[in-house]
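Next up: a single chain in structure tokens, the form predicted alone.
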């Protein structure tokens, strides 16, 4: 009976749970799904991670290459993110060029990288005007069950912290790059941006970490990205219901708390990887 009611009136079905301050999956309105992270998941990548947020699963692989610095910024390198939402992760997506949702997600990740300065592009310069590192960050969604932006941001950060760059020197006589693979160093991670997403129901009620079903029923969504100092790095609100200043402040406060949870989880995982 309940399954039939959910099929015919999905929004009303959800409202009955929300009135009791809970959700059909048993979570409270402000409760996140179980979050896990695995580091170094791809042996052929220079840095990688696998993040699960409930059923939503994203894998991030980073490859580093040499490139010429931009002519207008000769002392900088590149960080190039790309989010792939293939038919593998959801029936909503089709093969071929990236769709609108994938393009929006890629631009969101690019904005997070730029605004948070998680990696300063100056740190990627090897020889000003001659040589710099290019970081290609591929984020592939394996299972899309809502809140893809939080999962992508977390996966990117974990993979960046896993990247090791070899020592490179420029031979003055030949002007060629000489790479010392025996001497590697980790990327200088300047900040730790963490995304927290909310769904708005009936223009007023906020829930965190929405599933795909909840996103489809919501009247709006909001993603807040904060760093460890509580600074706002990025705010993503693609239309939908407006929010009052008080509601927005609530979201930012919850994002600060979520940052501490994610940072603690990531620190524990990296600590467990270090040799005893």
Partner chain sequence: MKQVLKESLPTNGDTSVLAGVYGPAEVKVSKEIFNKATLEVNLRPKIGLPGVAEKSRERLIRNTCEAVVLGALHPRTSITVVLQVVSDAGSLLACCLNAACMALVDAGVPMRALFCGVTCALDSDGTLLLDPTAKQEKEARAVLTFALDSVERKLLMSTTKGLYSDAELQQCLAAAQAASQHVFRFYRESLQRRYSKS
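Positions refer to the first chain, counted from 1. Everything numeric in this text was worked out from a predicted model, so none of it was measured.
A second form of this protein, the form predicted together with its partner chain, is not displayed here; the remarks below concern that form.
Interface residue among 242, 70, 30, 40, judged by heavy atoms within 4.5 Å of its partner chain in the predicted complex: 242. Exactly one listed residue, out of 50, 217, 64, 248, brings a non-hydrogen atom to within 4.5 Å of its partner chain in the predicted complex: 248. Annotated contact segment (heavy atom within 4.5 Å of its partner chain in the predicted complex): 225-233, selected among 225-233, 51-59, 22-30, 205-213. Contact annotation for residue 104: at least one heavy atom lies within 4.5 Å of its partner chain in the predicted complex.
Among heavy atoms of residue 120, none comes within 4.5 Å of its partner chain in the predicted complex. Within 4.5 Å of any heavy atom of its partner chain in the predicted complex lies no heavy atom of residue 86. Among residues of the shown chain, residue 100 is one whose heavy atoms approach its partner chain to within 4.5 Å in the predicted complex.
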